[in-house]
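Take a look at the structure tokens below, where one protein chain is shown in two forms, each on its own, as structure 1 and structure 2.
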Structure 1
Amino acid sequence: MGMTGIEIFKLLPKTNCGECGVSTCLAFAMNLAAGKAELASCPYVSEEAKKILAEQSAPPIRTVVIGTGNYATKVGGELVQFRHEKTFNNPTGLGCVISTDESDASIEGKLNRFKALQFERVGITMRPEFIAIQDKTNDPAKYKAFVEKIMGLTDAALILVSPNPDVMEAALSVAKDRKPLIYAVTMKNGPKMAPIAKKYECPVAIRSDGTLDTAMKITQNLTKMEIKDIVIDTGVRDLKTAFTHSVQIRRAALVDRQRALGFPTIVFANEMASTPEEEAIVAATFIAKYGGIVLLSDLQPHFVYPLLLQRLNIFTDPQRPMTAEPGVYPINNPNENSPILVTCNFSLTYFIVSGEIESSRQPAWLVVKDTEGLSVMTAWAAGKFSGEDVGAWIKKCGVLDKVKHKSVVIPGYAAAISGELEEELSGYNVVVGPREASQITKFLKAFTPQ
């Protein structure tokens, strides 16, 4: 929250009723300032105070939701300029542009590639989210029919692209329930396009004339109409200037608290490059530097997969390790004679180890212990992968009831816990497995539990 506890206290009723869960309004104000309480906990706060506090507590860059269902996508909502300061919150949305003048074969190919681009990485599904439907007909009836056609073929979050208010309204009459992004309001069409955005209650993108001053004027006009879900396109199509604007917008919103620029951005990479390779470079630039949505001319897997992976890396919380759920994982249909292997719950370790076991085609029970997202070596050094703890977890998780043998395999990097683990698991043989996951296949093919 942007206000101090004392500033918040001045807006509270000062009844000290205690109904919020703390004894005084001052204590409640301090909790609000620290983010440890919700304003809704106070039953007597005035509507005026609610409005002021809501504005002050809102992220400096507004969170905008586009689309519905599984493809509802949040953009914006960022709180920091640099990932190491805290984390980035809402990953850059990726998509492609489909135009009304494209052939049926081209449209079918793009939609098929969109649907097929589903990748699993450390337990997370990576995929593009957006289809931008660009009008080249300037005919309301034809564009409406085209939008209906695309809607019947995909559940993607939609971006409707037309500068003509009549064409846009025709499309929204059938697409409004999908909460598409309306692209775009300009200084020229604003008087007609803005009321349409308000009428259909859909998020709206603005397109400036290449300057931030004009972008600010348009967003200010929209906010005066109580249209708050806005996405910014500065209108620039050369990489250097667009990159500069992207950085300036982020800094203006976060550092200077410039509300008129406190919105996510949209980048048309397809209009900034002449080849798919160049488009990928443009997209990679704005995934790294503050693009809210990036659109390509097509979604070729060999270009999109690296972009999705880059996005995953950038928008992963650096202060929170990625983890797998602790438990027992049966791999390759194990039975009572299959070996038991133990590992940590650091996602990358889990997926590498489980993948190697799967590829070996050898049935096994994989026991994943909670190490708070630390790797085996780090967890052992931190005392979170000791023989006592691992033994207690093996007994608790129930895997010993699934087998007849008396063998447990631990990672090679945890060889130091073997003696302590044998004491914890009385009567069991603790086997030190490979240090590297790449050796698991060879190990399993030669190993027979005793």
Structure 2
Amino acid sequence: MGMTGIEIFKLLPKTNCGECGVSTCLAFAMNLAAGKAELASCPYVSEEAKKILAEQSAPPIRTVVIGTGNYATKVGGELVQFRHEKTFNNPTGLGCVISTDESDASIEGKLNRFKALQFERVGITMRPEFIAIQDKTNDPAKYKAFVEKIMGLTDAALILVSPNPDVMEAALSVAKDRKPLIYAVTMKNGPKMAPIAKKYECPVAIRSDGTLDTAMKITQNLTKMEIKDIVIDTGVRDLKTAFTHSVQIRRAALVDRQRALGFPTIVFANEMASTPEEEAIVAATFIAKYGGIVLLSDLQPHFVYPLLLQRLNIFTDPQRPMTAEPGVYPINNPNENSPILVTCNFSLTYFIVSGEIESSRQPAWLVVKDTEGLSVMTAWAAGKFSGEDVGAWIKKCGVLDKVKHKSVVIPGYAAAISGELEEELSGYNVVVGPREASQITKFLKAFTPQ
């Protein structure tokens, strides 16, 4: 990826002045290629060389920021085709479309659902980010008033949808400070729409005619005008073709370094399905496969919640385990006679163990010990789930004050620590629980803390 040291060397002054900190321009070029130096360290590099090097070192897919404040949302910026190669960076933006011909009740319903859809999971807030405002009036004054009304009702990142440059400009005159996404520049309206995007300095989507060729032509035209924050819609509404394009765009940008396709994409799932269920699985397709923004017709929680979970899963960094907050979790309203169960803070273990306890309908205190995201067995093997550590945490976390009994249940896979833990917690019975979470219900039903 990028230029070689020799290619960079050719663009440098070749004076070996040493002011950059290394003795030769060649050594400096090698450092630049390796990402170990900044071009700014060279006081004599030409403007021309700066421009070429900046272009070459730019990330293969542009990161575009849409919206402001709490809803300033990054899309794009991806570096891999498969998440296990590194990680996916910016979660697919989710939102819904509101049209100027909708009733007030319908609009209010969507915006209320938008606001209500906020879920905490493993310390991350899951929520939709976008509201697209679609013009059906073709009347600049009416659309402007409508956009103003919606702006007053939500802080969402906005997408302004109209093919008419006059309509778009009217809306931008009031909405520009919210950094909305302008949708869209086409081959036809480009000469009028592109200058508006430039003038208002807002990110802009292009809509192609269903081909990648036209998409590239339009983005190249915009790039020539020094418009950089671009989002691509190929114009296709057929699921399979859109999927193929999505894969090809990602690959062209990353593998071929095709600049004209190095932008995030937008998917109108609402225009690609005949039922809300189908719409949701179209959305799921593009959460997994490279969609920058995916829009739905509405935000019913039974459709959006599964998509938010999927997005959380797909965009989790595989290099870093997700962790649950260490602490004491009361489950099913436990009291002073309820058992104490100890586990690790690997998020998956936490979800499964707490889920099994919940479904057992038996009250319990679940103590989550910090294992840096390792599972019980791995943590034990790595010395992060020793009797001493676990004992110290049980004393410190305060769970012992919540009960009258003298029993602590440890995971079956950590049976080896029971002796050491009994020493650490003198006077307490250490009970070895089941190895698998699926046996927790059976265990709890038969277990009475002593």
Partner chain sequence: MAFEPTKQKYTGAIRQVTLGTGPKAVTVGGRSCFPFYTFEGSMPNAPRIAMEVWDKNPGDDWPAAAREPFADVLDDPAAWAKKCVEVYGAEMIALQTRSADPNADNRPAEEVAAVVKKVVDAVDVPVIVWGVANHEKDIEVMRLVAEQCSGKRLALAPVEEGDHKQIGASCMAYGHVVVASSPIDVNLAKQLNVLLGNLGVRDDNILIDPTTGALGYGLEYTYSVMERITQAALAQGDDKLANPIINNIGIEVWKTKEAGQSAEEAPELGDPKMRAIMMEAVTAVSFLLAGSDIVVLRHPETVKLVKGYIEKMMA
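Definition used throughout: the rigid core is the maximal C-alpha set that superposes within 1.5 Å between two forms. Numbers follow structure 1, counted from its first residue as 1. Values in this document were obtained by computation on a predicted structure and should not be read as measured data.
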- Just one question: which structure is the form predicted alone? 1
- Message: Please state whether Gly210 has a C-alpha shift of 2 Å or more between structures 1 and 2, with the rigid core used for the fit.
- Response: no
- Query: Comparing between structures 1 and 2 on the rigid core: C-alpha of Val390 shifted by 2 Å or more?
  - Reply: yes
- Taking the rigid core as the superposition reference, indicate whether the CA of Ile314 shifts 2 angstroms or more between structures 1 and 2. no
- Query: With both forms fitted on the core, how large is the C-alpha shift of Glu420 between structures 1 and 2 in Å?
  - Reply: 3.5
- Query: How many Å does the Cα of Pro434 travel between structures 1 and 2 when the structures are matched on their rigid core?
  - Reply: 8.1
